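This document opens with one chain alone, in structure tokens, the form predicted on its own.
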């Protein structure tokens, strides 16, 4: 049988679609487009953050708490991580309980509007802010990408309330409209607001918004899950391709498979041996 003639690539657009089109890649569905997402995005653009309540019910919250609580085995190594805050890294390799948060369509609808297609999950953590924790240093999450501000965000974050976030138990501190600031401006504590919200809610903010963990003056911990996202051409904070087994990735939704790195940023960023990385999941 004669070999196929090589495909002619004579313009950038053909190059951009060639490799990515050689495998059945993930395509977002209509569940990520709704009037609610549009309204959320308008607030996110205006304020730099938005709080969405009622995305998880009581049973959802209880099952996530039950799954992640046994993983809480160590406290932060410095004041930024929180010396009285328990953090769980590499969460996706340890439990499937937060998959539904990382790929929640209401959140991903916002990421669709912020970033290029095939955007990535940058990291996922469980954070348990315990009694006596002090306020975290205010910071923007995508500040490690050394590109001058003001600029469009290169990342975005979610903080899911597994416990109620109150004014006293360490609700995240957010600086409204700080996503539009240049490099010459730093926030003061007086400019912050406390992102209080009931359990089952999510706080979404762009990577240029200044924020930090709050102070817990109560006798109870405040449990949360955070997932961060970034443009598809940037390096993720977590090396999911090293952390996650192929069997674990096979159990994920197509959306989450794409976000942990089994995707292509056209024309060929993310390829494996010249092919789409999803082909790795077909190998046993």
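Numbering follows the first chain given and starts at 1. Because the structure is predicted, anything quoted here is derived from the model rather than measured.
If you look for the form predicted in complex with a small molecule, you will not find it shown, but the lines that follow are about it.
Contact annotation: residue 80 falls within 4.5 Å of the small molecule in the predicted bound form, judged by heavy atom distances.
Residue contact check for residue 139: one or more of its heavy atoms lie within 4.5 Å of the small molecule in the predicted bound form. A residue is said to contact a partner when one of its heavy atoms sits within 4.5 Å of a partner heavy atom; residue 211 meets this definition for the small molecule in the predicted bound form.
Under a 4.5 angstroms non-hydrogen atom cutoff, the small molecule in the predicted bound form has residue 129 among its neighbouring residues. In terms of contact with the small molecule in the predicted bound form, the residue from 162, 159, 110, 124 that brings a heavy atom within 4.5 Å is 159.
Look at 69-77, 90-98, 139-147, 186-194: in the predicted bound form, residues with non-hydrogen atoms within 4.5 angstroms of the small molecule sit in 139-147.
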